[in-house]
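In structure tokens, one chain follows: the form predicted alone.
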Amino acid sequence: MAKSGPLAKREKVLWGRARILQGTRQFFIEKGYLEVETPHRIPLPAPESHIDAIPSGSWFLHPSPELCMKRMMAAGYEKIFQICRCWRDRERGSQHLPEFTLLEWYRADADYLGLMKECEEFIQSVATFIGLGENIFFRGHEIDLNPPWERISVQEAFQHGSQFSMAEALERNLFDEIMVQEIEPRLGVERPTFIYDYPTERGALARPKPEDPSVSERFELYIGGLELANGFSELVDPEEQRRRFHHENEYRQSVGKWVYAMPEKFLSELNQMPPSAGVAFGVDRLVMVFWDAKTIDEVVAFTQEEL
């Protein structure tokens, strides 16, 4: 049957998307990860300053599977991954959808450095699986996927890419603005780039760096100026996590956002979680990169406006 309309134009990319998902599952299964499924509706999300959950009755659609997957880690699961739909309010743009597909994985006895390496292996593996090879083209640039990828600390990024230091940007409440407008567009243009060691104020669930507690062991991965992944060494101290959540809620209240109650079941089990690291990875954005798409709308079957 002949296809017509906007969906017909997406047929090739949707076949490509399916292959990317197949390659993703193959990579993690071969690495010994267990694929899991956790509920999409949850009683409470993790309180975070800039992530707004969408209500579903008296509960919420999960913004990520993080809380449930960490509870599984606390119960003794050592290597788990999940590909699932997630929802976040007030997110719509050329790179954002309020409903999107997230890949999330956790590994016990690992830290953020180990998962940076695993991100390299994962993207290279999927690129090979779908036949792209070692170089891809995205946003007018040829990007070399061969390791080692560039790694730059947030402090270094501000030194080289802004008139303000990281500390000054935080003090002037310009951190997010400078990151989005001045630093992020330059990241990952010739090869993928990890930017790491975020200020503790920007790592609500990340472990502080032992030698410098002012920063957290958190990284983000960029390709062609587009953020694909957010990962960190996990904070497993329930009292410190509670204090961080209260701090996030104080900010939410100050800007008129919904203040979330504490996820007590998660907090009560957190001290049983082993030293671990985890990554949240945007599947739609990976398809954008591999397909050289200008907008996220091009790589999904339907946008909300088409329903």
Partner chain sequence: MYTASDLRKGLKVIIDDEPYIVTLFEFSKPGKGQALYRTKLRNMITGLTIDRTFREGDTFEPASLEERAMQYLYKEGDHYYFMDNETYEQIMISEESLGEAKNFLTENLNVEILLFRDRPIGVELPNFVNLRVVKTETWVKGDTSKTDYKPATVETGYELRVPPFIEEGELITIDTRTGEFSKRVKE
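Note that the coordinates shown come from a computational prediction; the quantities given were computed from them, not determined experimentally. Residue numbers count along the first chain shown, from 1.
Another form, the form predicted in complex with its partner chain, is not on view; read the next lines as being about it.
Contact check for D111, K117 and S214: none of the three has a heavy atom within 4.5 Å of its partner chain in the predicted complex. For the chain shown alone, F81 is not a contact residue for its partner chain in the predicted complex, no non-hydrogen atom being within 4.5 angstroms. In the predicted complex, none of the heavy atoms of R191 sits within 4.5 Å of a heavy atom of its partner chain. Contact check for F232: a non-hydrogen atom falls within 4.5 Å of its partner chain in the predicted complex. In the predicted complex, R107 stays away from its partner chain, with no heavy atom inside 4.5 Å. Stretch 222 to 230 is the answer when you ask which of 152 to 160, 125 to 133, 71 to 79, 222 to 230 has residues with heavy atoms within 4.5 Å of its partner chain in the predicted complex. Site annotation in the predicted complex: the residue of I51, M273, V36, L44 reaching within 4.5 Å of its partner chain with a heavy atom is I51. Of the residues given (D176, E121, E142, E99), D176 alone sits with a heavy atom within 4.5 Å of its partner chain in the predicted complex. Contacts to its partner chain in the predicted complex (heavy atom within 4.5 Å) from stretch 71 to 94: R90, E91, R92, G93, S94.
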